[in-house]
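Below you will find one chain, with nothing else, as structure tokens; this is the form predicted on its own, and questions on how it binds or moves follow later.
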Amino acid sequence: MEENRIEIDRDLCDGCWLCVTVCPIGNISLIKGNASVSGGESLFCGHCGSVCPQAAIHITGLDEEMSQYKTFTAEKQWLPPGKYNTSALVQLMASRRSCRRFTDQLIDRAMLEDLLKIGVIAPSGTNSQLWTFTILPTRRAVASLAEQVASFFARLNTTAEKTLLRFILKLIGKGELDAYYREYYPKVKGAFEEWYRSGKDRLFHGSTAAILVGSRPGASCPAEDALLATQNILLGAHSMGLGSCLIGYAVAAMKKDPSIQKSIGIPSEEEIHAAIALGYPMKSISV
């Protein structure tokens, strides 16, 4: 929580009590018929301002720019529970697919930045909002990351081919390498052989941009926060006409080899939880 920065216009307030009942930390009280800030801290959740029918509450600690988008106009009116079409929401969620065939068309930087703003609408534990977003805005930047990830797995495959090493590690209770060899090694080897032979990107699938979602130290549930933001970005991308695909291999490689995220300017204290490939889908329906 942070120092309170909630302003209430007593001339507009009609004492309806809604802000008092919705505040999760009891920060607002009704005094002499008007809502008043009675606590010293705020979650900056914005509930009080959303429910106020008189628009009497203003949260000065909120960044207004984060709700202003460059590529579309967002509706400002808060939707109470039950006031949105559930069928339309489910249709959007069910229509998004993992795209693995992208065109060469570049994504406008403004669209990528709007996706980040869509991401941070997501909830976070204790409203910490300690997530991070790194944009790779060009095919060249994406390809550079893909090559580093491929190099990591090439080294891992070489290590996994050592039968005696796998046996010894498994014997002392470290069976991760053996499990990788059995479950992933053949697929990874085949994919990279095709990549080297034909130049086909089997990691980011030729996407022209990517967003890496991570977290800074201090969040109570950093992975969950980052993945909630990631889901927002995936749905937002689909609504904008973009294809998207989560690249788990990239996340795994960066966790094992810190030099990869260092090479793209991500501080070592940040942890990457999701890598999202983005681009215009080659077909209207991507599977």
Ligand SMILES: Cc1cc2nc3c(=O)[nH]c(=O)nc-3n(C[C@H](O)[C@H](O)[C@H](O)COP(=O)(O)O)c2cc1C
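Numbers follow the displayed sequence, beginning with 1. In this text the structure is predicted, and so the values were computed from the model without any measurement.
One more form of this protein, predicted in complex with the ligand, exists but is not displayed; see below.
For the residues R109, R100, R216, K162, the 4.5 Å heavy atom test against the ligand in the model of the complex is passed only by R100. Taking a 4.5 Å heavy atom cutoff to the ligand in the model of the complex, the contact residue among A253, L242, C245, A56 is C245. Heavy atoms of R96 reach within 4.5 Å of the ligand in the model of the complex, making it an interface residue.
At the 4.5 Å threshold, heavy atoms of H205 reach the ligand in the model of the complex. Proximity to the ligand in the model of the complex, taken as heavy atoms within 4.5 Å, picks out 245 to 253 from the listed stretches 245 to 253, 26 to 34, 66 to 74, 42 to 50.
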